[in-house]
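What follows is a single chain, given as structure tokens, in the form predicted alone.
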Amino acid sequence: MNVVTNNDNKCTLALLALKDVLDPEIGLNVVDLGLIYRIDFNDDTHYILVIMTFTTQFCPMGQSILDDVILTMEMAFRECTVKVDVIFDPPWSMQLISEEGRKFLNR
């Protein structure tokens, strides 16, 4: 898992919080699934941009996952406005799953 960020310390906290957000169909969190691509923090404007993907463009749980990511980030960084962009380029693949995620999925 290689999440791009402009603030390693805050990104570590964000990823720890986002491990509570599960893909309800798989039961694995969005971090270990490799759905989070980038998290940028703007300390001057108290703005956080999360760039992520879903396992498919037609993920039936996409909106639920998106809402959970926003809520989790807002709870972790209460002073900040959070925006999440969902992209599909690069597409998600099984290679993005972390080692911990692979163990969870027994692969």
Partner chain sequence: MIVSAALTKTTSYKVIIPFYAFSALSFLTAAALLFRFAGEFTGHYFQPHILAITHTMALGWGTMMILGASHQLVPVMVEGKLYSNFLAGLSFVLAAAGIPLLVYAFYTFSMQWPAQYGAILVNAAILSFLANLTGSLLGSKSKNVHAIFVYTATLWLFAATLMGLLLIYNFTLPIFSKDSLHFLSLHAHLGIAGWFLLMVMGVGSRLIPMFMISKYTHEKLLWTIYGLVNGGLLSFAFIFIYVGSSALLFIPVIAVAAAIALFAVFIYQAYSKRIRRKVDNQVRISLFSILLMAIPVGFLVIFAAMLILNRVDTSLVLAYGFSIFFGWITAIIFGMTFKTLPFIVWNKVYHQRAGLGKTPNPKDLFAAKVFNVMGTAYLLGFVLFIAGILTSSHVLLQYASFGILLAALLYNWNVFSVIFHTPPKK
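It should be emphasised that the depicted structure is a prediction, and the values quoted were computed from it without experimental measurement. Numbering follows the first chain given and starts at 1.
We do not show the form predicted in complex with the partner chain, though everything after this point is about it.
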The partner chain contact at Cys11 in the predicted bound form, heavy atom, 4.5 Å: no
Proximity of Asn2 to the partner chain in the predicted bound form, heavy atoms at 4.5 Å: no
Non-hydrogen atom contact Met94 with the partner chain in the predicted bound form at 4.5 angstroms: yes
is_contact(Phe41, the partner chain) in the predicted bound form, heavy atom dist at most 4.5 Å: no
Within 4.5 Å of the partner chain in the predicted bound form: residues from 60 to 76 (heavy atom criterion): Pro60, Met61, Gly62, Gln63, Ser64, Leu66, Asp67, Asp68, Ile70, Leu71, Glu74, Met75
